[in-house]
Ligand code: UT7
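Next up is one chain by itself, shown in structure tokens, the form predicted on its own.
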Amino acid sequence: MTTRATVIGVGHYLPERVVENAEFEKTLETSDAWIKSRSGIERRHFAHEDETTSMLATKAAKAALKDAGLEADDLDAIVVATSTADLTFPSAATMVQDQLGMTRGFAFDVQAVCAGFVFALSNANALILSGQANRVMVIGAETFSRIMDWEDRGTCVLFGDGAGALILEAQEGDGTNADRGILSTDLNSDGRHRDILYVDGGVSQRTTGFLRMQGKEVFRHAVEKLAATAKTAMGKINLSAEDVDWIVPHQANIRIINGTAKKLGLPLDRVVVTVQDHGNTSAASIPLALSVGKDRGQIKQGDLIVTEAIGGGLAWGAVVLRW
């Protein structure tokens, strides 16, 4: 028998404010058609000025707990992937722990920008496989609207706010690819490319800063690296694209999603796409897409899923799991 970190609950939360592309036409030299043609994005959600990342994360966590039929104290750990935590410290995860009323276990954040959820999922898997935890809540949550330069039309139209959550539980499998749960992971980073996607501020610089991106360079790296990490993760367990039911990619840009699917040889009807409604929600995008995909009836128990993401760092990776 083999221990597997198995998904037993999923949920998401999106702020109430919906911002259509047309709203940017009032302040920027842009248009709905231009934004859609470059990114596939039609709208996104922005948090209210009083909403913080931990608040969004807590609402997604509550939805996942309800889906799993659990209470907060049934969890052993919470791992939050975010680049936009409420405070420098303590972690957003400990704030979620408090807001849920969880009085046991431990909580911590992971920061790998848009790849954060893949890194957090891999860490949670390791906690379960090592016996340090039996049930782990993994959350991706962001308020990227807080770090936008509203005069930079190349970036501010691309991002949104939101949160998604999964609950993983240790379950026994047969040690084959037919098992439910996480089957393989692949993580990578290369700091040489940090200047193509970054925020020009931070604690040691005494400023929050704004997101800066070299779009063409990010696109070039994204398609190549996302396809490669997905193939590597599948190759570790002797699977190929033909075995996959759904690719659930980081929802950054429809052209990146299409390019990666093409490199993997997968048709778009096997890709869960939510970027048109959410924009790029960074670490929240994959769990949001998983939750929405389940709600749509796309993702069903037993489906083989590949998630892959790339973010600032550069950091990128993939996870193969059976739902």
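Not measured: the values here are computed from a predicted model. Residue positions are given as counts along the sequence shown, with the first one as 1.
The same protein also has a form predicted in complex with this ligand, omitted here; what follows describes it.
Annotation: in the predicted complex, residues G154, L158 and I256 each come within 4.5 Å of this ligand through at least one heavy atom.
At a distance threshold of 4.5 angstroms between non-hydrogen atoms, N280 is in contact with this ligand in the predicted complex. Not displayed here, this ligand is kept clear of E49 by more than 4.5 Å at the level of heavy atoms in the predicted complex. Heavy atoms of M137 never reach within 4.5 Å of this ligand in the predicted complex, leaving it off the interface.
Although the partner is absent from this view, F210 stays clear of this ligand in the predicted complex, with no non-hydrogen atom inside 4.5 angstroms. Annotated contact segment (heavy atom within 4.5 Å of this ligand in the predicted complex): 214-222, selected among 119-127, 214-222, 235-243, 180-188. Listed residues V248, A230, A112, A252 were compared with this ligand in the predicted complex; A252 is the one with a heavy atom within 4.5 Å. Listed residues R38, K62, K262, R43 were compared with this ligand in the predicted complex; R38 is the one with a heavy atom within 4.5 Å. Scanning 291-323 for heavy atoms within 4.5 Å of this ligand in the predicted complex gives I310, G311 in sequence order.
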